[in-house]
Ligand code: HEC
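Taking the form predicted on its own, here's one chain by itself in structure tokens.
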Amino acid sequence: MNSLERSIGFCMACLILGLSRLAFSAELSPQFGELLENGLRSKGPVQLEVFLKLDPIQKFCSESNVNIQSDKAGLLMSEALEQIQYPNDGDYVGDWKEGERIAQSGKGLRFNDSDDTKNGGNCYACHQIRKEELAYGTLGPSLYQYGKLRGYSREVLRYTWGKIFNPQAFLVCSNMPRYGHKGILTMKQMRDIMGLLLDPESPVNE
């Protein structure tokens, strides 16, 4: 995927996020609600009846003047933290080469994708990961030398897994996708992303 495709995909994601927030704003007019309902259609993996049904964190983060330091925010993060599913076998680190392919791919869950499209992580849309990659976003922090700088302890493994599974358990209105919580990536795919970040042999940690 080239930089233009990533940019288009990211812009579309921002547009859809913006529409969903407007749709559930307290100031939403009946006319705009009708326009939204008539202007958007379910297609492929995008089913609007699912997409427009917000969970408690999405509702909270769609409120006007949301306070992410509030007690409600803390409660939502605590509940999200308890819902994180860790590998039963304690194996967190998969194949970094496959993890790189997942990080590069922005496919999946788009209007023009088929239902059997294998989802990617599109990680480079927001992060620098490998030094050699020229096209990457800066919305999120650089992940280059992620493991080399942080170490490979069990605590780092569990924290990183949790951030991939549900980043909103750590920052309630984080823009990062909830890859595990929403089933965007499989457990194996998340292991492979972990390998990219935390395998000492990965080029990320050179």
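Counting begins at 1, following the sequence as shown. Predicted model only: the values in this text are computed from it and were never measured.
Unshown form predicted together with heme C; subsequent notes refer to it.
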- From 61, 169, 157, 143: within 4.5 Å of heme C in the model of the complex by heavy atoms is 143
- Message: Within 4.5 angstroms, counting heavy atoms, which one of the listed stretches 37 to 45, 177 to 185, 51 to 59, 66 to 74 is next to heme C in the model of the complex?
- Response: 177 to 185
- Does at least one non-hydrogen atom of residue 150 fall within 4.5 angstroms of heme C in the model of the complex? yes
- Non-hydrogen atom contact residue 93 with heme C in the model of the complex at 4.5 angstroms: no
- Message: Just checking whether residue 107 would be counted as a contact of heme C in the model of the complex - the rule being heavy atoms within 4.5 angstroms.
- Response: no
- Query: Would residue 126 count as a contact of heme C in the model of the complex, using a 4.5 angstroms cut-off between non-hydrogen atoms?
  - Reply: yes
